[in-house]
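Next comes just one chain, in structure tokens: the form predicted on its own.
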Amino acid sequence: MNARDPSLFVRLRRRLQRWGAHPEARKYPAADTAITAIPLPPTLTLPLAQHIGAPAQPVVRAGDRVLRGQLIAQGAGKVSAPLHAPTSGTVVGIVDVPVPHPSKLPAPALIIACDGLDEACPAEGADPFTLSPGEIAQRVADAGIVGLGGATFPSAVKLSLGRDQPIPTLILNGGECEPYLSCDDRLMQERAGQVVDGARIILRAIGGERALIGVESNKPAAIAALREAAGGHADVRVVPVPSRYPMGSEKQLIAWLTGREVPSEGRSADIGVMVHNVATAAAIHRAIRHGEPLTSRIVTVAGGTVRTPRNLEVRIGTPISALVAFCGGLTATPTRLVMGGPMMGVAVDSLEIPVIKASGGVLALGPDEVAAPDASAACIRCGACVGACPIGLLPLEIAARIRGDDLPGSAALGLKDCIGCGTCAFVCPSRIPLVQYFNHAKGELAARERDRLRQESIRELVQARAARMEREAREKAEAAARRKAEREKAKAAAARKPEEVSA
């Protein structure tokens, strides 16, 4: 869509005003609490896969002493991210532990016994505006920074997209539309200068011209702090956006701020836009200016059973039991524990699950905050999900195809464009778990695609083997024919030789 056409821009914004949902925010009292660092726990548990892409590969062994900021696992492959020790201590070993993942399967993690000294490696910062874009991207990669809004895509991989083709527009996502969560709100209020400086560093890395910081209009203190920090920087602008879920989704934020839409199954870079979370920008500021790798993050601890909801700065690897204890413990046994937000977070079964780079929240929800598991009924074809879908899909039709085992039909209706925000399920009066249907179907389609590719690979191998055997048989027959011809030729020559002598 052409953002320079005012009529198209206006029509797009009018359409955007109709989608989404307004779940009860429940951000207070946590949103009123300043960020507080919690004490170090006795042990840190660091899963090797805390990002999209290949898990990190350990470079330390059991018994090694490490310092805060020291590399303990390096990135593996083009899309990966390293891990650094969040404090000083001794490596206990690598074991399989429960991690926050929908599968609930254990995964390998490095265990560090903290020594309480918190000794750090020497850190070396730099003036980012004396560095080349490639040097900035490399330092971000070395710092292990990933998307801190929950996506956890390695940030350096995104920054490198600007090497071949400059990306004019940077958008910093300060929406934080998930209920309960207020960690980004407090970050923007208390560390606005880091966010703005991080935005300017990213602009240099991608060859950008302007940065738009989109903040939901229900966060006036954050907007004011960012505008004050951005004063004097003409390339950075703070823009309020409507307070509506899922305004924090990349595609919705881009459409609202620029009037352009990301193509189906395309990337924002295709239309000259890059999106990063505000916490990611602050982490990039610290990595470049101060040489600090990503070893901690801000986490909102909230929910009806938490005695004192707060925003905490936490070392990566800290068990969530330590966060809950710092907040005064629980008033009752929670009905559900969630890592992240209630709409897109991951349910966990234990308070010993560690905080990872993706952990924006720890929610201990009571019975009045969780829908009954057996409350769903038949679809009444009301169309509420259609009006609420931020992507403009037809959730009821997609779900009908999935129930009928017509997965290709669901894909044809745009299943792969679904962002998994859960808005359709939230507004459904029949409480049909639509997003679970869609996630299951996406997984099944991916499995079928992998099976198809495997079958194609097997077929190609079989065909290649048959062709090779046919070629070898042909070459063998040709060689035998040549040898036979040579023998016959030699026999004929031998027969002529006596005749020539007698003559």
Partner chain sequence: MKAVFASPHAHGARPVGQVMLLVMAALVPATFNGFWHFGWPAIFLWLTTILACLLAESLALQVAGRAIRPALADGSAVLTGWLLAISLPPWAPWWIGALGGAFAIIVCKQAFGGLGQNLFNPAMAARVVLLISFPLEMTRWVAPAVFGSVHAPDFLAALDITFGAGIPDALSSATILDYVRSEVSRGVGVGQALDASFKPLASSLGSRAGSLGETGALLLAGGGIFLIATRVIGARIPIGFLLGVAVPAALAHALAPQAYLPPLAHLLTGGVTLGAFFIATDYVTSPSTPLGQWLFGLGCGLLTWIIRSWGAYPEGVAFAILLMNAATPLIDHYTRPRIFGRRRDGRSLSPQES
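Numbering follows the first chain given and starts at 1. Keep in mind that what you see is a predicted model, and the values were worked out from it rather than measured.
FYI, the form predicted in complex with its partner chain isn't displayed, but the following is about it.
Which of these stretches, 123-131, 411-419, 235-243, 219-227, has heavy atoms within 4.5 Å of its partner chain in the predicted bound form?
In short, 411-419.
Under a 4.5 Å heavy atom criterion, is residue 185 part of the interface with its partner chain in the predicted bound form?
No.
Indicate whether its partner chain has at least one heavy atom within 4.5 Å of a heavy atom of residue 341 in the predicted bound form.
Answer yes; at least one heavy atom of residue 341 falls within 4.5 Å of its partner chain in the predicted bound form.
Can you work out whether residue 57 and its partner chain are in contact in the predicted bound form, taking contact to mean some heavy atom pair no more than 4.5 Å apart?
No, residue 57 is distant from the partner.
Does its partner chain come within 4.5 Å of any heavy atom of residue 33 in the predicted bound form?
The answer is no: residue 33 has no heavy atom within 4.5 Å of its partner chain.
Considering 162, 345, 154, 89, which brings a non-hydrogen atom within 4.5 Å of its partner chain in the predicted bound form?
The residue from 162, 345, 154, 89 that makes the contact is 345.
Pick from 84, 315, 401, 357: which residue has any heavy atom within 4.5 angstroms of its partner chain in the predicted bound form?
Only one listed residue qualifies here, and that residue is 401.
Decide yes or no: are 44, 114 and 301 jointly within 4.5 Å of its partner chain in the predicted bound form, with each residue judged by its heavy atoms?
Heavy-atom distance to its partner chain in the predicted bound form: none of the three under 4.5 Å.
Between 415-444 and its partner chain in the predicted bound form, list the residues on our side with a heavy atom within 4.5 Å.
In sequence order, 417, 422, 425, 426, 427, 428, 429, 430, 431, 435, 436 come within 4.5 Å of the partner.
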